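Each of two forms of one protein chain follows alone as C-alpha cells, named structure 1 and structure 2.
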Structure 1
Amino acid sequence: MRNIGDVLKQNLMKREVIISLVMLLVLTYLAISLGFPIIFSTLILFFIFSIVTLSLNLEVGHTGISQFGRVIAVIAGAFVVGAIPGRILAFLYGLPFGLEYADDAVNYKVVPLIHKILEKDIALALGFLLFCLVLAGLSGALIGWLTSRPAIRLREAYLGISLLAFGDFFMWVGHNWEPLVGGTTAVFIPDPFRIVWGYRMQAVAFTLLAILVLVYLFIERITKSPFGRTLKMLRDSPLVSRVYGKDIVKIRTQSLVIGSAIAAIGGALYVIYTGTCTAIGFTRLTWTFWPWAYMMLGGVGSNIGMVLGVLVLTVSRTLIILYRKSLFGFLLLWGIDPIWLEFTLLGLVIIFIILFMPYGLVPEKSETVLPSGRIKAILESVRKQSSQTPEN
C-alpha cells in the first residue's frame, strides 16, 4: 500500500497533472458563475486549435521544418468545405449550385433549404460531416505535398518566408475570387449538426473531443514509431540522417503531408462550427502565430505539452475577455478602453510562462527505444552471463 501511495503521489505531482487540475478548477468556476455555454464555446476553440497545433508540432517539433505557413493547410480545409460539399447537395436537390452558389444573394437562400433536408435525415447529416472531413484531409495532404517542393531546396528563414507568402496568397485569392467562398462576403456552410439543433453546441463539443483524441493518439503512435524516431534524427542532425542512408526529401514530404492533412481537418471543423467561411478571417496571426505560441509555451516536441499550452492560453484569453472591463475599467479615466487590452494581457501571460518555464509547460522528454523494464532485464541478463563465464 505504501508503494501504491508513493506512485500515486509521484503522478499527482507531475507538472501536466497540476496544470490540468488548475484548468479544471477554473472551468468549473466559470461554469458555476456564468453557465455552461461559455464553457462549451471555450472548449470548442480549445479542441480545434489543439488539432491544428498538434499538426504543427509534428512538422516543427518532431521534424525540424520551419513551418511558418500553418495557415495554408487550414485555409485549404476551410475553403474546400465552403466550396464543394454544399454545392453537391444543392445539385442533388435541384438548387443553384454553379458559380452563383457563392453569391450572397443566392447562398443565404439555398443553405436554409439544405438545412431543412439535413435536419430530417440523420444518415445524410453524418455522411455530409464525414465527407467534409475526408475532403478536407485530402486537400490538406495535397497542399502539404505542394509546399514540400520548396521545403526540399530551402532551409530555415528562406523556407519560413516562402510559406508565409503562400499563406497570404491563398487567403487573398479567396478574398478576391467570389465564386470560391464568397469573396468579401461570407459563404454559409450547411450544418450537419442541424438535426440536434437544441443541443448543437454540446454535440459539436463532444464530436470535436472525439476527433481530438483520435488525432492525439495517431500522432503519439507516429512519434513513438520508428518513423517518429527518424523524424527526430532528421530534426537533430540532418548530416547523421544522410549518413544512415535516410531520404531526407521523402521524410520531409511525408511529415508535411500528414501534418497538413490534420491541420486542414481543423480548418474544416472551424468553418462547420461557425457555419460560415470568410477568406479574410484566415490570417497568419490567428492560424500561424497562435499555433506557434501554443507550441512554444506547451513545449516544442511534447504532444501533451501542445494540448496543455492550447488549454492554458485559451482559458486565459476567455478570462481576459470576460473580466477585462470590470478589473481595468478605471483606465477609462486616462482614455484607455479596456476592450483593447486582450492581446496586451495575453502577451503578459506568455511572457510570464516563458520567464518561469523557458522550455514550456511540459518539455519534451527523452525516451529510450525499448521500455525501461526491458532494458533493465537485458542488462541483468548480460550481467548474469558475464558472471557465469569462466575466466581464461
Structure 2
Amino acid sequence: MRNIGDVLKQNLMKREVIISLVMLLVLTYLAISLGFPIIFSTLILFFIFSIVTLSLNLEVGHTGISQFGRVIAVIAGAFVVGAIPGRILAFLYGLPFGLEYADDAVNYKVVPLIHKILEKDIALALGFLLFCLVLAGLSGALIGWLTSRPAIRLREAYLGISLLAFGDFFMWVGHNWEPLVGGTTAVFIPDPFRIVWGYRMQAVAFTLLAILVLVYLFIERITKSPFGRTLKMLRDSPLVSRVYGKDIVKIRTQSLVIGSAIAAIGGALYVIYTGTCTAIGFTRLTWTFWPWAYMMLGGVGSNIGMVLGVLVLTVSRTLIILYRKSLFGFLLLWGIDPIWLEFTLLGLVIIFIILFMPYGLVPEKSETVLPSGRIKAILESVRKQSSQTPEN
C-alpha cells in the first residue's frame, strides 16, 4: 500500500524529461553530422511504431489481454489500403480496377496514371488520405471484433498463441492470393503526398506527428475516463470487476476493437509512407515482437512510456545501422555483418528490462481520483484537524 503523498510526488516528470532530452541531443547530433533525410526517416518510423505500440498498450497494459497478434490488425489496415482505395480511384477514372489491378504487369502502369490525377488536385489528395485512414480504422475495428470472439472463451496463454498463429496465417494469405495485394510482388499505393513533391518526407513526418498527437490524446483521454479505470480494474482483478457488475466480455471486446482500429491506422500509414505494400514484409517479428519490446522498455501501462520506449529503441537501431562499420568493424574480419547486432540488441533489451527493471523506463503511475491540488488541500485540512483534536 503506497502512501498518498508518494502518489503526488510521482507526478513530477523528471525521468521523461531526461530521457527525451538525451534522445533529442543524439538526434540533433545526427542531424548536424549526417543531414536531415536520416532524421526524417527515423522520426517517421518512430511515429508509426508509437501509434502501434500505444494501441498494443491499450490492450495489454490497460486491459490485460495477451495480445500476441498485433500484426493481424496492422495487416488488416495495410492490406485494405493496398487493395481498395487505389481500385476505387482506378474505377472512377476508367482504369483497370478488377482482379487485374494487383497484377504487377498492370499495377505499375495504372498507379502512375492515378498519381497524375492526385498531383493536380489537393482536395482529392487529402480526401484520399482521409478515406484510407477511415477505411483502415473500420477494417481494424472489424478484425478486432473478430479476434475478440475467441478472446472470450480462451485462457490467457492459449489466446496469445492462437493470435500469434493467425497473424502468420493472414500474412501467408496475402502472400499467396495475388488479387489482394499482389502476392509475392509488391502492389503500389497511390501516393497522396505527391502534390508536395520535393518536400514529401517533411510532409509525411508532420502528418504523422499530427496523427500521433491525436492518437496519444485520445488514448490518454480513454485512460483517464471511467472506461479506462474499468479497464484497469479488469486487468488487476477480473473477479472484482464482476462483483461490481461489469460485463467483462463487453469491456474486452471494446478494448480490442479500439486498439485494433488504431493499430490498423498505423499499418495503413506505413504502407502509404513506403508507397508499396508487400505481404511478406508484415512479419510477426517486426509488427508483434518489436512493439512488445518497445512496450516492455517503456513500462507496461504507461502511455508516455510507450512513446519514450519507441524513441529510445528506434534511435539505437538507427545508430547501430549507421555506425556498424566503424564500431563493430572487427566483426567484418570474420565475414560477419554487424547488422545482426540489431537482434542481439533487441533480445538483450528485453532480457535486461525483465530481469532488472520490471516496470520499464517510466513505470505506470497510479491515477489520482481528484486533481493533485485538491488532494493536497484535503490532506492539509485533515492534518490540521488531527493536530487540533486532543489525543485520548
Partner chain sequence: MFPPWLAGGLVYASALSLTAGGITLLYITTRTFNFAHASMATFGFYITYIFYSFRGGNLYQYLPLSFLFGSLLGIICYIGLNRPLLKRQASTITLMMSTLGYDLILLSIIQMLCDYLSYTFKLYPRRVTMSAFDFEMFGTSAASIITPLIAITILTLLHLFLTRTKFGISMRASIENPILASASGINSDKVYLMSWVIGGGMAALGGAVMSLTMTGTPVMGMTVIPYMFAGAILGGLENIYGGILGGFIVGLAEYVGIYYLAVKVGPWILGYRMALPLLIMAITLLLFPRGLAGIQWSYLLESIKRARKGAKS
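Take the two forms, superpose them, and find the largest set of C-alpha atoms that agree within 1.5 Å; that set is the rigid core. Quick caveat, the model's predicted, so the values are computed rather than measured. Sequence positions of structure 1, starting at 1, serve as the residue numbers.
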Please match the form predicted together with its partner chain to structure 1 or structure 2. 2
Core-aligned C-alpha movement of Tyr323 between the two structures reaching 2 Å: no
Fitting the two forms on their rigid core, what distance in Å separates the Cα positions of Trp334 between the two structures? 3.2
